[in-house]
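One chain follows as C-alpha cells, the form predicted alone.
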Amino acid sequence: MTISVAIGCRKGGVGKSALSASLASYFAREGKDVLLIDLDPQGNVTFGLGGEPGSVGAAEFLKGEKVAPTILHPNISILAGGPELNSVEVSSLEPEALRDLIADHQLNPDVMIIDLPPYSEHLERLGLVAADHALIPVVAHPFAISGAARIAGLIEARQQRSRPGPQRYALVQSMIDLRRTLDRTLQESLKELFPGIPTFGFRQDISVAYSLTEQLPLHVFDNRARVFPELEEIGAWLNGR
C-alpha cells in the first residue's frame, strides 16, 4: 500500500523542498520506490534532485496527458514542477483531480511525496486532497506559523466533512539552530498552538544543502548525514508506528 504525504507551508523559505528531497532520499535508502510529484511552479525539488524544472511532468499529468514519471536515481522518480502549473487548464481543475488521476493511472509506488507550492492555494489543495498524510514545515517566524495554521485548518475542515485528504498531519520544525532563542522555544509554542499534533525536528545540516547543490539524493552525497535519525522518526510516523 502506498504511503502518500503532502509537504507544504504557506510561506517560502521554511525548508519545504529540502525536507521533501531528504525524505525521498531516506525512503530510497531503505529500498522503497519513491515518486515525487512537484507541484511548485519554481520546480526547486525537481532541480535539487537532478531533474529539469519545466520539463514534461506534473502540469501535463494534471492536464490528462499520458506522462510517465522521470527516473532520476535508483528508487526515485519525479513528475517535474515548472511554470506550466500556473496555466489556466490547471487552475480550473477540481480539488480531487490529482487524486483521481493517480488512481486512474494506477500509480502505486511504495512512497508518494507531493511537494506543495508556498503561494498557490489551488495547487496546494490539489496536493493535499491527493495525500493521506501531511507534513507542515515551520520555522520561528510569525508568517510561517500563521501559514501552518491555515493549512492545518484546511486539513481539519476536510476531515470534519469526511472529504478526501490527509487523515493525519504533523508539524516539522525545520532549519533548527539551537543557538537561536526562538528556535529553542518554538517547540513549546507549537504544542500550545497545535495541541495533540506531533512535532518533529529537521535540523540545519550542511550535507542537505550541498546535496541539493550537487543535485544528488542525500544518501548518495552523505549516507551518514546528521538528519537521518530525524528522518527515520518521520518515516516511522508515516508507517503508523
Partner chain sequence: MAGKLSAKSKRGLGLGGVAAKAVAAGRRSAEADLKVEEDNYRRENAARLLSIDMIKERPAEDTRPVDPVHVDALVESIKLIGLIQPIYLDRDFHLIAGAHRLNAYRKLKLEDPQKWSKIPVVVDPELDAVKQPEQALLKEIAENEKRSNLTPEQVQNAAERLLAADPSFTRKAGRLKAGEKALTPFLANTFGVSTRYVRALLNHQEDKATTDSSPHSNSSDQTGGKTMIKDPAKEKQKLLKQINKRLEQWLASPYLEQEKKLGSQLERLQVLVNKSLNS
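Residue numbers count along the first chain shown, from 1. These numbers were taken from a predicted model, which means no experiment stands behind them.
The protein also exists as the form predicted in complex with the partner chain; that form is not presented, and the subsequent description refers to it.
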| item | value |
| --- | --- |
| Contact residue in the predicted bound form, from S189, S55, Q204, T199 (heavy atom within 4.5 Å of the partner chain) | S189 |
| Answer option from V90, I102, I145, M112, heavy atom within 4.5 Å of the partner chain in the predicted bound form | I145 |
| Triplet R10, E121 and T185 all within 4.5 Å of the partner chain in the predicted bound form via a heavy atom | yes |
| Listed range touching the partner chain, judged in the predicted bound form by heavy atoms within 4.5 Å, from 161-169, 81-89, 112-120, 67-75 | 161-169 |
| Touches the partner chain in the predicted bound form: Y26 (any heavy atom, 4.5 Å) | no |
| Contact of L107 with the partner chain in the predicted bound form (heavy atom, 4.5 Å) | no |
| Exercise: F194 in contact with the partner chain in the predicted bound form, heavy atom 4.5 Å | yes |
| Contact of R125 with the partner chain in the predicted bound form (heavy atom, 4.5 Å) | yes |
| Stretch 78-115: residues contacting the partner chain in the predicted bound form, 4.5 Å heavy atom cut-off | E94, P95, E96, D100, D104 |
